[in-house]
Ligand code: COA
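Take a look at this single chain in structure tokens; it is the form predicted alone.
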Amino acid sequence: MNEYLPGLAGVPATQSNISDIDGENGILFYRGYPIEELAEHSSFEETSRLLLDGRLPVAKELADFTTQLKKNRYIKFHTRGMMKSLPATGHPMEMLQTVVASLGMFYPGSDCLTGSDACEDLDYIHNTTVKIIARLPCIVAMWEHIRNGYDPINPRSDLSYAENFLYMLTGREPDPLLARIMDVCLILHAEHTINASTFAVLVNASTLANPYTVMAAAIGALSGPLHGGANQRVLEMLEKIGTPEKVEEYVDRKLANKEVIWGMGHREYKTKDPRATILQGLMDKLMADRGGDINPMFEVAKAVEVVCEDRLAKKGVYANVDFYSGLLYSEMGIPADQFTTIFAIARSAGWLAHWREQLSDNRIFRPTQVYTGEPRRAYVPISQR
């Protein structure tokens, strides 16, 4: 195949049994399970184990996995010291990429990733997977305190994954509803087939790179506003609009200028992103619980969605997962520049599932290109040019 397709649109890059998307009907499956069922009944811990192993765990397996995650929440003081030396003004995603890349120096063992059989040390693969999933939320929460000049808060082993993250981030035991909303947000962001960051995982994993380096590459890809950084841009857009009455004029101006309306449209979905539907439902539930006392930007968001649906539905452009997630995070007191790090925390489960899948049948990625440069030319000495 010599045809060049920008962005590799529609070009299969791998075979996978981890997740699937029915874009025409707006359906997302994790290992065959619809995302709506997992969001209603599962937890992030259980969903992570499902993505990693391909099946729902039995009670003992889930309990053991949860215990392992809790035991691996603690971060070495060397890492904490390094974080304190980073610029407080740096973006949290830059911090996270830096720190995750450094973890391989503190937790060696990737020397088993050699040869054509990739890695047969299943204990190393499992233990590394647990360490990364367990520590990402702790690193993100620690940074929120460190960059503000305070010591981080220690993790607690009596809290769930989502509860402990919110506790370490805010210093308060989270409201049960907010903790459940965070748990669902993590489930919704955990996996989404071969997107840009997951492709970065595959390419780096295929070289048998250190898994922490693989995760750092994925975090770098996720940080861009066309991928994971969009939810922060959505909140900034809503605040700029200000009130529902100004939505129509804003949207029409953006469309006339062919500018991006953040949180609208998705490469895969021709209808509303099913994750956005679930997140909007969570926003409604939170509003009902608080008697309507909620961020006024939610009303602006709903107005934007109505206007955009009127203008863009015929083109298959609807709200995506980023459209409502930032609003929910802001209700938890999370700063806007930390939104994408939460995406990375959740997506670590999917990334590591793909890392393991790539290692199981590995071949280094070496795509070709369509050359558009000059034909063969003779070298001209500098004195004759």
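Start at 1 with the first residue shown and count on from there. Computed from a predicted structure; not experimentally measured.
Just so it is clear, the following notes concern the form predicted together with coenzyme A (COA), a form of the same protein that is not shown.
Enquirer: Indicate whether the candidate residues 261, 266 and 315 are all in contact with coenzyme A (COA) in the predicted complex, with contact defined as any heavy atom within 4.5 Å.
Expert: Contact check passed for all of 261, 266 and 315.
Enquirer: So in the predicted complex, is coenzyme A (COA) close enough to residue 227 to count as touching (4.5 Å, heavy atoms)?
Expert: Residue 227: yes, in contact with coenzyme A (COA) in the predicted complex.
Enquirer: State yes or no: in the predicted complex, is some non-hydrogen atom of residue 322 no more than 4.5 angstroms from a non-hydrogen atom of coenzyme A (COA)?
Expert: Looking in the predicted complex, residue contacts with coenzyme A (COA) include residue 322, since a heavy atom lies within 4.5 Å.
Enquirer: Residue 306 near coenzyme A (COA) in the predicted complex, any heavy atom under 4.5 Å?
Expert: Heavy-atom contact with coenzyme A (COA) at 4.5 Å: absent for residue 306.
Enquirer: Even though coenzyme A (COA) is not shown here, does residue 209 get within 4.5 Å of it in the predicted complex, heavy atoms only?
Expert: Residue 209: no, not in contact with coenzyme A (COA) in the predicted complex.
Enquirer: Can you say which of 219 to 227, 87 to 95, 154 to 162, 196 to 204 gets within 4.5 Å of coenzyme A (COA) in the predicted complex, counting heavy atoms only?
Expert: Result for this chain: 219 to 227.
Enquirer: Just one of 82, 177, 287, 255 has a heavy atom within 4.5 Å of coenzyme A (COA) in the predicted complex. Which one?
Expert: Filtering the options by heavy-atom distance leaves 255.
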